[in-house]
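Okay, so we've got a single protein chain in two different forms coming up as structure tokens, structure 1 first and structure 2 after it.
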Structure 1
């Protein structure tokens, strides 16, 4: 299993529960991918944001799975013959040995640089802020921390492969029209997701906010012509949660059109329209005024005129782009990419490997969390069928 996001974990859990031996490989020092640090959007009722599905999958991997996890690892070589497949992986171990960690949290308390984070439902890891001061090593009661990280290469003997490499959030800094990177009050939807996780939504003095849709989606200028599909869902759920937390907050929502999502979309849509201001316009630019506030310039369609509006915070609903290593993985496993750079779906593998290479989740196309879980279930059935196991 290459990739330990929600798709990779779900397939791994399914196959493990079916009695198969599973290896899970991921470049991060933890499972859960992008969504593990997302926060729940529920207000007075569940809005089916899917975050709980990620928590459940991680908990199952930790407590019930026999899956062998190889974190901080990446594939560097691959060989396939008629009856065997070999995958070489390179591992640069995180300073915290997650297998030995007893989750006491003393390392995090001792760290002066806030370089130790805990993954929801999982354990701790050391991030890039580490200065190797060694205080965490002294604080750990079980000797689970080693700051002298080494790199090693190992080989896995497998009968099949599932590529679940996930995606990358679009970086709006490449287009200066969005003002991202120059004004700290302009943030991405991905950053807001992390704030939801930390329950640090907004400064209390904030009175106005704008959501701007289709940032890095459906744009020839930004090289991303596809629709990311997930942006409408996460932005509208965020807006609803924020309005619940801050009843006096004025929220403007700029959009081209809205992607329907979920079984109860009509009911949700009717509720959210009474809470936020929907503006059918694709903003022209975002600049900064003399007070340092972001100013959205947009075309007002009812008036057929350009207007400007300042906000305390602007959230750019950045879309989904192919994972950074999609091209390398496609080359390694003889898979094809579509015009947007996503890995083309395959249920039967490639000609070089027979029916033994599969793809799952958002590495194939933009998917919501619940879409990824459903796709993982389908891929799990195909794997068990093609590798001779009962579905």
Structure 2
């Protein structure tokens, strides 16, 4: 399994529960992928954002005895013969020995750089802020931390392979019109997840906020013609959650048209009416006024009039773009990319590696979390059928 986001973990858990031996490889030092740090958007009731599905999958993974996790690892070589496949992976040393770690958290308390983190339901890991000062080593009561471990390459012998390398959130810095990177009050949806849902931070004086939809989606200019399919729902849920936490916050929601993907979208859509201001529009640009506030310039629809409005915070609902490694992975495993750069679905004998290389989740196309879980179930069945195990 290449990729331990919700898609890769779900396939791994399904196969492991069916008794298969699974190697789960991820370049991150932790499982869960993009959505593992996203926050639950429940207000007075569940809004089915799907974030808890990721936490549950991670918790299940922790107890799988036939899954071997290789984090901070990426594939660097691949050979396939008639009945054997070999995958070389390069692993950057994990300073924390998870088998020895008793999860007491003293290393995290001792670290002056906040370089030791933990994803919900998982173990501690060291991030790139580490300066190797050694305070965590001294604090660990069981000697589980060694900052001198070196990078190594190993080879996995496998019968089949699932590519579940996910996506990259669109980076609005590539288009100056979004004002991103120049004004700290302009943040992406991904950043808002961290600012609010992790750190519970919103500028204290914030009274007004704008959500701008389709940032890096449905835009020929930005080379992203596709609809990201998740942004309308995640931004509306985020807006609903913020409105509940900050009832006096005025929220304007700029959208071209609303994409109603997801099983309970209409139900949620009805509940949000009247709580936020929905403005049908084409966003033109985001500038900064003399007070340093971001100003949304937009063409209002259907009047086609050009208008401006300033805000305390602007959230750019950034979309889904192909995984950074999709080209490399496609080359390595003889897979095809579609015109947007996503990996074409396989597992049906269409690629050079026949029916032993499979693809799962958002590396194929933009998908919500619950879509990924459904797709993973279908892929797991295919893997079990094609590799000769009972479904």
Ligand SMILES: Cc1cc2nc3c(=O)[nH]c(=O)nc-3n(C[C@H](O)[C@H](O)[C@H](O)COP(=O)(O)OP(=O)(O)OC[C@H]3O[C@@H](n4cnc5c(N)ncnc54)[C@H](O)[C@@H]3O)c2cc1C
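Keep in mind that this is a model prediction, so the values were computed, not measured. Definition used throughout: the rigid core is the maximal C-alpha set that superposes within 1.5 Å between two forms. Numbering follows the first chain given and starts at 1.
As for origin, structure 1 is the form predicted on its own and structure 2 is not. When the rigid core is held fixed, the Cα atom of residue 326 travels less than 2 angstroms between structures 1 and 2. The Cα shift for residue 99 between structures 1 and 2, taken after rigid core superposition, is 2 angstroms or larger. Superposition of the core reveals a Cα shift of 2 Å or more for residue 66 between structures 1 and 2.
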